[in-house]
Each structure stands twice: as C-alpha cells, then as structure tokens.
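Form predicted on its own, single chain, as structure tokens, below.
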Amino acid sequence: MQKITLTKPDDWHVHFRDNLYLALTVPHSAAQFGRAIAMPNLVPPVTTVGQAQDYLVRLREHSPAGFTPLMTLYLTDNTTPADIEAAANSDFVHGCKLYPAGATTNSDNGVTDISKLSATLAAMEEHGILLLVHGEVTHSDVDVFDREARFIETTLEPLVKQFPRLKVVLEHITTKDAVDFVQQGPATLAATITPHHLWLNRNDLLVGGIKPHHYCLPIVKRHSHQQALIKAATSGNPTFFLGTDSAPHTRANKENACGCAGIYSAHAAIELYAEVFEHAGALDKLEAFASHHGADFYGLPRNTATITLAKQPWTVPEVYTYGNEVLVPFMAGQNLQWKIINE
C-alpha cells in the first residue's frame, strides 16, 4: 500500500505547555489532528474552569481553523464536587486528570491520597466527566518498572469497582498488565497508547549508554511489554486509542545530569503510528485506533475531515525552535516511511 486516507484523527493526550511554546506545539498537533486533549500540568496547574478557559484562549491564538483543543482540570486533594459541577456546565472541559503527587513533570500538586477525593469522583460519575489517569504509584520502595502494575492493583482496580459508572482512561499504558486489565475491565474503562511506547523498549533507553531523549514517565519497559502494546493497539479493540503524550522539553533540560521525562512526538505522530501498524500488518486498523475509538469513548462525534498519508520517506529535523531555545524531537535526524500529504 502506497497511500492511505483516514478520518482525521484526534490526540487524546498531549502537552502543549504554554505561552511562547505554543507557537510550535499547537501547529504541529493541528497539522495532524482535529482535536486534542490538553494536559493541565502547567505551572501553576489548571485546577479551575476559569483557568481552563484562560488557557483555551491562549491555545486558540495558535489554532488554525478545523482544530479544537479540549480542556481538562488538574485534580488536587482540594478539588471539590462544586468544581466538577462547574466543569460539567462548561462546554469545553472534557475530563479531569489524576496525577499521583510526584509521579511525573509538574505533578507535585497532584493527589496524595485518592480516598480524599471520594465525593469529587462521585460527582464526576454523576456528571459524566471522564477521569484521566497517570497510572503509577510513587512509593520509593516500589521499583520504577513495577509502578504501573502496582497502581492498577492497589488503586485503579478498587476505584473502578467503587465508581462503576465513572468513565476512566488509563493513559499512556506501558505494560502487559495494563493491557490485560483494560481488556478484562468494564465498558467504562479504556486506555491510550503512545507512539514512543510502541517504538521503544528499555534496551533503547539503556543499551550503549543512556539516551536522554528516550526517557519518559511511565518509563519504557521490556520487549515483551512493548509487543503486548503493539498487539493491543493494532487489534481493532475499541478499548484502546491514540494518545501521544507528546511532551516537549528543551534540549538543555533533557541533556543534563537530571534530565526531564518526556518525549516530543507531535511533529510526526500519525506517521509514527502508521509505521508501527504497517510493520504489524494492520494498516487497516489504524483509522479505528486513531480516529474512531477515542471519539466514541468520549461521547463526541467522529471528525468528518480526512488526512492522507503516502509512502514517502522523509527525514525528521534534528531540532525545532522552541521558545528561545531548541527541542530535539523523537526520531531526530532519522527517516520515517510515511508522510502526510495535501491532496
């Protein structure tokens, strides 16, 4: 196959950052996607509907026609049912993000104990606001490679049982444990899968020297987990859908003694997915994964516009200008086999 046309995809998990950085990140996403769930872990975080509306205004300043940012709230120990009611009464907040405190970039204000949010989660269940989950425990005694599986066992499984009508997205899954849990779970449970977790395993991070631009959280896992993710993504199962977790950082912040966690993929996201699906012999499943399953789960209409990909090798730039600095994108300087074309 040399060409494929898809219903325009959506990105159900992306970090745009803010202010001068939006000049790069928003147009990159808009070139590929019709809509994108904007993560709220800014500094300070987006914790209220008013803050989400202000952020939306800034995002729209860089959004071309046909692209719609979808907003989220950042859950804290102090998020109230009234905050959830306000979100439900807006027409732009589509979910609330659960960051266990300290789990990833700008998560220090996250939730320290999920039991503190029982009333808030009940309100989300009542109003149909989705819970978007960074699924890792942060206990120092739990190995970093085991934190997703432990979170599922100790936090997510009880939560799903306690709130059976609450729609939950386990974001950027990285393990076979997560694949199995979501596949066996109720219809209210789904998961997003990133391009970098389909492309990478922990050998790609560690063998031959640490690769700072392959460092992300949740961290990439062993090869067998990577294969489980590929199988899930390409299966046609509507439980799984596209969420890039594209997360920009400057090169200086990645290439230092304590590099930031995050991989930037917004420049080539759908091309990256296409290559994985082609290698798996599943290009016919790409449209559902990228364009249908997420919209259906969120209860939003599917896009009507389309994009076309051609088998047209191109080289990813070594860097992009990012504010006043530079950013190294995923697959920098390497060739990709698929490219969006204008028809």
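Quick caveat: nothing in here was measured; it's all calculated off a predicted structure. All residue numbers are counted from 1 along the displayed sequence.
Another form, the form predicted in complex with N-carbamoyl-L-aspartate, is not on view; read the next lines as being about it.
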property	result
Site status for N-carbamoyl-L-aspartate placed as in the predicted complex, C-alpha superposition, 2.4 Å backbone or C-beta test	open
Partner-contacting position among A261, A122, A86, A101 - heavy atom within 4.5 Å of N-carbamoyl-L-aspartate in the predicted complex	A261
Listed residue that, although N-carbamoyl-L-aspartate is not shown, lies within 4.5 Å of it in the predicted complex (heavy atoms), from N109, T239, Q226, T105	T105
In the predicted complex, E148 touching N-carbamoyl-L-aspartate (heavy atom, 4.5 Å)	no
Non-hydrogen atom contact S63 with N-carbamoyl-L-aspartate in the predicted complex at 4.5 angstroms	no
Exercise: N41 in contact with N-carbamoyl-L-aspartate in the predicted complex, heavy atom 4.5 Å	yes
Proximity of C216 to N-carbamoyl-L-aspartate in the predicted complex, heavy atoms at 4.5 Å	yes
Triplet R17, H172 and D245 all within 4.5 Å of N-carbamoyl-L-aspartate in the predicted complex via a heavy atom	yes
Interface stretch in the predicted complex with N-carbamoyl-L-aspartate - options 184-192, 261-269, 77-85, 158-166, non-hydrogen atom within 4.5 Å	261-269
